[in-house]
Ligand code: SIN
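First, one chain by itself: the form predicted on its own, in structure tokens.
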Amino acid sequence: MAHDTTEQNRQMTHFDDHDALWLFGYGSLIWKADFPYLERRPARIHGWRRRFWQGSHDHRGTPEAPGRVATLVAEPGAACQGMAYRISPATLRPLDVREKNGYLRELTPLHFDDGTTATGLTYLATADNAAFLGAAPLDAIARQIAAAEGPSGPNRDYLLHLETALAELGVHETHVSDLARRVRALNPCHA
């Protein structure tokens, strides 16, 4: 799969005839909602675990020194907490550009805190995309995050903002908090 998935995503027309749809964010979409939305609610999806296994060549790194950002990895019994946004279908066009580095739109059931559910979509970067970096020892991932910087800023800021946003949702994830602790130790003046 090519690095730029914009056109592939625009071929997904499931919601074109809807007035609104739900979008699930589990990475920067939790804390950086720089798009119009009609409603914002905490939500979770089942069967997925958040991992810093996706390369960022366009936002939090460069092609020569990619950063690492969140993607979802299938895991039976797992749940991933994030933020759901009710948006108009037109809002997907700029989001397709924002999430173009290997992420594809995927349908997913969303579960809200009040017990209600809805079908929505999320952007998912799977192992078959050109930017996928995969698993690595946490110390190696932390070193890569601590060193990487791209047009959207330092990679460490992405990780630390995500850790803060999850804490505000009452969520503690060992993968995220362990990486954040390691990155702070590598860059104590930027913690």
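Residue numbers run from 1 along the displayed sequence. Small disclaimer: the values here were computed from a predicted structure and weren't measured.
Just so it is clear, the following notes concern the form predicted together with ligand SIN, a form of the same protein that is not shown.
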Can you say which of 25-33, 144-152, 126-134, 39-47 gets within 4.5 Å of ligand SIN in the model of the complex, counting heavy atoms only? 25-33
With the partner left out of view, is residue 159 within 4.5 angstroms of ligand SIN in the model of the complex by any non-hydrogen atom? no
Going by ligand SIN in the model of the complex, which residues of 97-119 come within 4.5 Å of it through any heavy atom? 99, 103
